[in-house]
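The chain that follows stands alone, in the form predicted alone, written as structure tokens.
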């Protein structure tokens, strides 16, 4: 028995992701649009197109400090092939680095469903979930950041979601969780980019098992840039310490 796929029709002189000729997509669709097409089976609206593009841009790079970058540059210092350098970085992505998107999506989805089933407000449900997590000594993924007290990427994604009319119950619930953390904790615990992406993807209708894919796709160009820079600028076999790095690129500009 033949097995089946709905993704890409392929044959002599024919490549058609979800039935769309690749030559028609080339130059007419954003790269993020084709990702959306492959993942969902339909083309995004203009608002969805802008939003998914912003989601992918949000995590393209975070300097030299993340584990994925450090692993990539370490392997690049050994002058390994580019594919190995990037693969090393991708393999660091898990529950504690870049992998919180899926877990946060599941948390928010469960909370939204509980609110719908019980008729309770988002704030009440979020407060209960935060209280329960604290009692169990369990960390809720997608909130807090080791560097940012207010993650600018999360702020922008939520603002853009509202601007484009794409904000839904999961973004509302994420805000309720932030408020609950502020009320129950000793200090505010803002949502980070992983949590924000999770809330946005949930409102777009993506399943949680696809959540971490967006971080992986987003981060790969940054890993490539770090690997190439490492091989061009630094001596082979050095110990890569992100705390010793000095940024010498263009100064920040306000767009």
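Residue numbers count along the first chain shown, from 1. Predicted, not measured: the structure shown is a model, and the values here were computed from it.
Beyond the structure shown, there is the form predicted in complex with a further copy of the same chain, which is absent from this document and is the topic of what follows.
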Based on heavy atom distances of at most 4.5 Å to a further copy of the same chain in the model of the complex, which listed stretch, 114-122, 128-136, 72-80, 167-175, is the contact stretch? 72-80
Any of the heavy atoms of residue 183 lying within 4.5 Å of a further copy of the same chain in the model of the complex? no
Even though the partner isn't displayed, in the model of the complex is residue 91 close enough to a further copy of the same chain, meaning a heavy atom within 4.5 Å? yes
Any chance residue 110 has a heavy atom within 4.5 Å of a further copy of the same chain in the model of the complex? no
Contact of residue 33 with a further copy of the same chain in the model of the complex (heavy atom, 4.5 Å): yes
Relative to a further copy of the same chain in the model of the complex, which residues of 200-223 have a heavy atom no more than 4.5 Å away? 207, 209, 210, 212, 213, 216, 217, 218, 220, 221, 222
